[in-house]
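Quick heads-up: it's one chain on its own, the form predicted on its own, in C-alpha cells.
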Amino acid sequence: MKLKHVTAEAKLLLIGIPVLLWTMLPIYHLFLFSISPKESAFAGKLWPDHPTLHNFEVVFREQHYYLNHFWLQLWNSLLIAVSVGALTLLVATGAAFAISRLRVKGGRLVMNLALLTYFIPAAFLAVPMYKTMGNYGLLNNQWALILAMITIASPYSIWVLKQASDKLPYELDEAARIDGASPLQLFRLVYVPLMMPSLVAIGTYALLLAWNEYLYAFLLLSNEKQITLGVALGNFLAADDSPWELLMTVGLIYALPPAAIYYAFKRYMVGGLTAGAVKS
C-alpha cells in the first residue's frame, strides 16, 4: 500500500512539475524584462548581466511620456474594479435572496434568461453596449465601464449565490419569522452571515473580472485621465520602437494586486464559486 502511495505521488510530481514550470515561465520572463536595461532586454539570457531597478524608478516617477498618468490610471483600475465588485455583490446578493429564500414568483425564470446571455460571447456585445452607453451619454465616463462589467458579471454571480443559498436549511427562515423577523432582518441577520464565504468569492470574482478587462475599457473610455492601466499598457505598442522593458515593468506591477487578492481569498474562491463552501 505504501509503495502504491509513493508511486501515485511520483506520477503527480511528474505531471505537476512540468506544468508549474510552463506556467511560471512567462512570469519569469516578465520579471526578467523588468530588471533588464533597455539595450540587453532581448539578449536571450536566463539572467541579465547587469540587473537594475531603474525601470521601476522610471515607472514610479512617471519619467516616460507613456507613463504621464501612471498613478492616476492605476487608481482608475482600482476604483472601477472595487466598484464593480461591490455593486455586483449588492445586485447578486439581493437577487439570489429574493429567488432562493423569498421565492419571488418568476425569479428562477428571470435568472435563467439572464444566464442565456452567456451563449453570446462578450466581445459580440461590445458594440451594442457602446451604442447603449452613447445613447445615455455615458461614453468616456467610468460609470459606463462599471455598469457594463456589472451586466457581464451579475448573471453568473446570481446563479452561484442562488445555488449556495439553496443549501441553507429553510427552517432557519421559518424560525426567524416566528420570532418576528422582517425580510430585511432575515437578510441581514441570518442570510448574509451564513453566506459570507460565497459572498467573498463572488466579490473577488467580479473585482478580478473588472481589473483584467480590456475590450470594454478600450471602447468605452478614451481620455487618458479616465482609462484604466490595462488600456494604457496597449498604448506602449503604438510606437515603432516600443519601450518593452517599461511595458513589462508596468505589466508586472499591474499583475501584483490581483495575485495578492486571489491568494488572500483563495479558499473562498475554490469553495464559494462551486457553492460548496456552505453546508446544509
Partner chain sequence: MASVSFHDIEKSFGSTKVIHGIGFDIKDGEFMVLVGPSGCGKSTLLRMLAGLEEISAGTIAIDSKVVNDVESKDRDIAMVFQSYALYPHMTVADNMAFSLKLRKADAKTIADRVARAAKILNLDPYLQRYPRELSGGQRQRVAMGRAIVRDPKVFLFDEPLSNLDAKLRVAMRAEIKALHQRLKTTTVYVTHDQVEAMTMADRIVVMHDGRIEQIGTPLDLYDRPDNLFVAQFIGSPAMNIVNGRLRRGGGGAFVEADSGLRWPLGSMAGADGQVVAYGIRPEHLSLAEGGVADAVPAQITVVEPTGAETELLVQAGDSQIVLVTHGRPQVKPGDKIGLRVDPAMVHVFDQATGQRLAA
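Computed from a predicted model, the values in this text were never measured in an experiment. Numbering follows the first chain given and starts at 1.
This protein has a second form, the form predicted in complex with the partner chain, left out of what is shown; the following refers to that one.
Shown without its partner, this chain lists 172, 102, 113, 120 as candidates; in the predicted complex, only 172 has a non-hydrogen atom within 4.5 angstroms of the partner chain. Of the candidates 160, 126, 139, 181, 181 is the one whose heavy atoms come within 4.5 Å of the partner chain in the predicted complex; the others do not. None of 145 to 153, 67 to 75, 191 to 199, 94 to 102 except one has non-hydrogen atoms within 4.5 angstroms of the partner chain in the predicted complex; the exception is 191 to 199.
Proximity of residue 177 to the partner chain in the predicted complex falls within the 4.5 Å heavy atom cutoff.
The shortest heavy atom separation between residue 185 and the partner chain in the predicted complex is within 4.5 Å.
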